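Next up: just one chain, as structure tokens, the form predicted on its own.
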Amino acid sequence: MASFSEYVFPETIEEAYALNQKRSSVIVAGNMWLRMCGLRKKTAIDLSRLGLDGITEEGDAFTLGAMATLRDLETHPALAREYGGAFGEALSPIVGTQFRRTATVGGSVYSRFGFSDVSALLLALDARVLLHARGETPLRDYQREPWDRDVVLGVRIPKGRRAAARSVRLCSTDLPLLVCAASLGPDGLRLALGARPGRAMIVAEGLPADADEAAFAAIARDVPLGGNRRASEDYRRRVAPVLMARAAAAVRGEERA
């Protein structure tokens, strides 16, 4: 279990940022995975009183606040309408409802977990991370960066893309063995893979909407995949084109189990 000497609720983002510059501090976000890691820090910084829990629709984009929960995203009517129910598909298998009511957008994005269903879907939707000091940066770049001490304020995702997510698990609510998220927009089909088992990444973009299984098989041969105690590299490489085909079929409006 993680342990802290003091637990602080900053009154402003500026205060939270200043506190977080100390190596003895950590932002707890939803504190779902963090509390299990055995971390010992002097100061825990809780952002829950800073108004970062909203989901707002702004013209051609949605902004997901850092403290919005995964359950908020999963059940949000406007997100479901705009993205074809992809958030419900991607997030509902994660652990359980109680967990998703507490785990946050900011915690998921900042942590860049190798098993993240959340990051894969946001990458497929061309999301941008909103940071206090640096401003706005593409999630695809942020995913590759080392952890730093900036504060995640939220995520912005553009409208105009239909999305879907497919994953394979050993059992319901388990961590995924592989995740594929797809989105389709005017620039074609975009695919992202998570639980590779490394950090989620975009593996294809600008594909024609009618890309076939041969195209997905070619992508799967080259994408960086690995093995761990949960699944071998060979297994993931065999499963990847199947998940790509299923996710692509879903964004085209073709139901495929």
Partner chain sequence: MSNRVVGQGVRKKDAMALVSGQGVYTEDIAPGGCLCVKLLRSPHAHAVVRSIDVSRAKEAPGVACVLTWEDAPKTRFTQAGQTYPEFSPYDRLILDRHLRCVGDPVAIVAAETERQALAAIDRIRVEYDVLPAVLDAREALDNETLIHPEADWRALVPECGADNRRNLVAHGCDQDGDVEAELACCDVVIDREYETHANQQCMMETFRAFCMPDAYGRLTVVSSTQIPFHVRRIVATALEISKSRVRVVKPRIGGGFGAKQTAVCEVYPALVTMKTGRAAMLVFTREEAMTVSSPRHAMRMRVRLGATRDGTIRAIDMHTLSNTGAYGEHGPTTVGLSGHKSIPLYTHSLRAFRFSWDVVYTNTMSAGAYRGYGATQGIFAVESAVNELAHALGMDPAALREANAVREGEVMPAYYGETAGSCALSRCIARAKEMIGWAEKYPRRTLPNGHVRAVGIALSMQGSGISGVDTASAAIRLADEGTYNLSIGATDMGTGCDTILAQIAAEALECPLSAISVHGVDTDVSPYDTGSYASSTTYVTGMAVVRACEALRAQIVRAGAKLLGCAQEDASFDGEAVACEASGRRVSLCSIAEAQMTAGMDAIAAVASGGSPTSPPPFMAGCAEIDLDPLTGQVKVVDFAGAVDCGTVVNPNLARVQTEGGILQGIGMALCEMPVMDERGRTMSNSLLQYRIPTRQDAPRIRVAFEPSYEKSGPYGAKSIGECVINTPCAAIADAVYNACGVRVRDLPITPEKVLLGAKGEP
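Quick caveat, the model's predicted, so the values are computed rather than measured. Residue numbers count along the first chain shown, from 1.
The same protein also exists as the form predicted in complex with the partner chain; that form is not shown, yet it is the one meant from here on.
- Only one of A249, V242, I13, L19 comes within 4.5 Å of the partner chain in the model of the complex through a heavy atom, and that residue is V242.
- Of the stretches 122 to 130, 106 to 114, 145 to 153, 165 to 173, only 165 to 173 has residues with a heavy atom within 4.5 Å of the partner chain in the model of the complex.
- Although the partner is absent from this view, L177 contacts the partner chain in the model of the complex, with a non-hydrogen atom inside 4.5 angstroms.
- Remark: I55 does not count among the residues lining the partner chain in the model of the complex, judged by a heavy atom distance of 4.5 Å or less.
- For the chain shown alone, R221 is not a contact residue for the partner chain in the model of the complex, no non-hydrogen atom being within 4.5 angstroms.
- Among heavy atoms of A231, some come within 4.5 Å of the partner chain in the model of the complex.
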